[in-house]
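Here we start with a single chain on its own, the form predicted alone, put down as structure tokens.
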């Protein structure tokens, strides 16, 4: 029998960036908050020996245990979905800080175009520009409305950057810290893109360029440019994350506590309100009920959607009828680009930082004319210097054998003689790409696994081809002897790592017919249930999602505080 705990004002399911922001803001306002985190406590002091590529990057030390819970996957509805038994295309986080601990630190605001993509696309190119099977929709909120929340998040995280990109939205305040150092590799990209008439700028970075104290009094150290960011925690406390910023802020109020090893398996609902959550202690196996006035789902995209599905809250999306919103608009990301091999130049590719890079947005959003192109949106194109690790990074020219003596010789030779331009391509929602519950497989707690049905579309393939060609042109201008554009997209494969930028499934909006939550991230069917994260995105953009997720978390926290005082729907 489950043990019922004392009731709290607010319970968060997961304590990463979103759970930490919600906890900090609500606790500061006087609300009693409890965070349920299924992983362990961890912080900067745990990463003193973190430069171990095999342990963290190959053996996935910081990630979800797939023997307890995973997803099933298929390319289309005619296939049998099978469990993902090893980390592959994306990396599922676990533990305090979640995916915000092992991120690279690229921090972006989505473009004004993103939030009004349907209306702006139809206005400029007509209703037939994108096919009827694409579920394009505005977000119900504009960039200008979200801008104050972007600013608040960036000042909490201490983001380093420069406001010289002509294509992004207007900022009300400058970046809180200056951009990172510009290395010779980045200068080479800057010169080439400038020569081609583009507009390079330093990437906004959560690897901080200088020591910083945020408005809540938390301190973040300066980056040492030692690499080992993506898949690793930062041993210097120089990569902004929830456990060194918002979590300490929340704990210092005395209104917040965290219960670790607590895996939530159900949101409890009575009438038109939720009453709390049910969870298991993953160490003892004990079952608990945590009553709460407000429940906030702040776990990863896939788990937020799954929890709503297994709790039977909201109508699940049906691709046959188009009815239902839960699980709809699942989007991934497209990765165009090109690699250049330089026979006569060597670079310090083994040093760097996760978000040390330069970018152009000349082919992102609607900053270029799509009238004669068979896709919409685009990609940011960046050259980053993240500190390339020797096990995973083995660049060789296209005609090199994939194994054996010749491969080894070329791999060693080109380790410091290869540079890559990478694009983060926007992904549009398609009616056959969605999340649902698997009817066969269950997790360690007897709960159905989430099933992902996904494949690349013709829109994706056209975008990928166009942007890979532009990347190759830049690499030619940089002087590479051999240029290898990214291979053309075929079917989506969940095995090789691509990006952890999954979005959709719990989309926000101002119309309950096409969204799960309103623009305060409040569930349409339960006024005291909030769901926040990249699942709220109506589509995926040409950037990393964390900056926009952080802004939404601050808006969600404001909504929870407002709801706690007044009750009822916030719209």
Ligand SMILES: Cc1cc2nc3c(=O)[nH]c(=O)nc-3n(C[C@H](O)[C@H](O)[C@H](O)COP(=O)(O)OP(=O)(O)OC[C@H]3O[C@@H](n4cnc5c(N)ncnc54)[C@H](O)[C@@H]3O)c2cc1C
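Please read these numbers as outputs of a predicted model, since none were measured by experiment. Positions refer to the first chain, counted from 1.
Just so you know, the form predicted in complex with the ligand exists too; it's not on screen, but the next bit is about it.
A.B. asks: Which is the contacting stretch out of 228-236, 133-141, 394-402, 336-344, given heavy atoms within 4.5 Å of the ligand in the predicted bound form?
C.D. replies: Within 4.5 Å of the partner lies stretch 228-236.
A.B. asks: Select from the listed residues 552, 11, 22, 15 the one whose heavy atoms reach within 4.5 Å of the ligand in the predicted bound form.
C.D. replies: In short, 15.
A.B. asks: Find the only residue in 436, 471, 325, 104 having a heavy atom within 4.5 Å of the ligand in the predicted bound form.
C.D. replies: Residue within 4.5 Å of the partner: 104.
A.B. asks: With the cut-off set at 4.5 Å between non-hydrogen atoms, does residue 423 touch the ligand in the predicted bound form?
C.D. replies: No.
A.B. asks: Taking the ligand as it sits in the predicted bound form, is residue 161 near enough to touch it, meaning that at least one heavy atom pair lies within 4.5 angstroms?
C.D. replies: No, residue 161 sits far enough from the ligand in the predicted bound form that none of its heavy atoms falls within 4.5 Å.
A.B. asks: Taking any heavy atom pair closer than or equal to 4.5 Å as contact, tell me whether residue 299 reaches the ligand in the predicted bound form.
C.D. replies: Yes, contact at 4.5 Å.
A.B. asks: Verify the contact flag for residue 319: yes if a non-hydrogen atom of it lies within 4.5 Å of a non-hydrogen atom of the ligand in the predicted bound form, no if not.
C.D. replies: Judged by the heavy-atom cut-off of 4.5 Å, residue 319 is well away from the ligand in the predicted bound form.
A.B. asks: Check 91, 262 and 544: does every one of them have a heavy atom within 4.5 Å of the ligand in the predicted bound form?
C.D. replies: Judged in the predicted bound form, 91, 262 and 544 all sit within 4.5 Å of the ligand.
A.B. asks: Of 486-500, which residues get within 4.5 Å of the ligand in the predicted bound form if you count heavy atoms?
C.D. replies: If the 4.5 Å heavy-atom criterion is applied to the ligand in the predicted bound form, 486-500 yields 497, 500.
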